[in-house]
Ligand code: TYD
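First comes one chain, alone, set out as structure tokens in the form predicted alone.
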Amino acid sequence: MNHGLFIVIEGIDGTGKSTQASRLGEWFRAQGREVVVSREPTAGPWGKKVRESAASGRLSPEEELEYFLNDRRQHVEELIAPSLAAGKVVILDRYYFSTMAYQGARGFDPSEIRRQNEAFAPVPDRLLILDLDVDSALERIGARGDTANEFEKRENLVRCQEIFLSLRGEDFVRVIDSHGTLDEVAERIRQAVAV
């Protein structure tokens, strides 16, 4: 069976995940690979509720976690698992590591969140954590014309970054410095997935 390649790009808001996921997808397509680039929360019913809450006021911690799990379960069943089974490269902008970080910052145990997710969600072949200091990330959020939302408060991002970086050292994890130009960061990412 032809197994696909599963790459997840993570990091706090403002580190360039969406841009780099798109660029990495194009790089794989140029090599003749079939590529699916997706994101979480998704545009599905559960993901939509989570996205709306970022602007309207966060859900209770329990509701938020439940919505993320429901959204991810649907994403795995409908897109991720079938794409990998078909031998495609799947690149995600956020996955359950974001749930560990952002809901972990709200008081949940990140290890327990990981356990719940890995009961149904496949572990990626490569997890790329884009690392950028919080002040630079907040500057980027402002530079793109956005106002920091409920998920992007400074103290929240500091805690989230700590949780992301706690994954450093696991075999499938690569921490990527996301300071510098888009091209410089894209090259670091390509080197990390080419191994």
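All residue numbers are counted from 1 along the displayed sequence. No experiment lies behind these values; they were computed from the predicted model shown.
One more form of this protein should be noted, the form predicted together with the ligand, which is absent from this view; the next part is about it.
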item: Glu40, heavy atom within 4.5 angstroms of the ligand in the predicted bound form; value: yes
item: Partner contact for Arg51 in the predicted bound form: the ligand, 4.5 angstroms, heavy atom; value: yes
item: Answer range among 25-33, 166-174, 123-131, 66-74 for contact with the ligand, defined in the predicted bound form as heavy atoms within 4.5 Å; value: 66-74
item: Heavy atom contacts to the ligand in the predicted bound form at 4.5 Å, residues of 95-114 in sequence order; value: Tyr95, Ser98, Thr99, Tyr102, Gln103
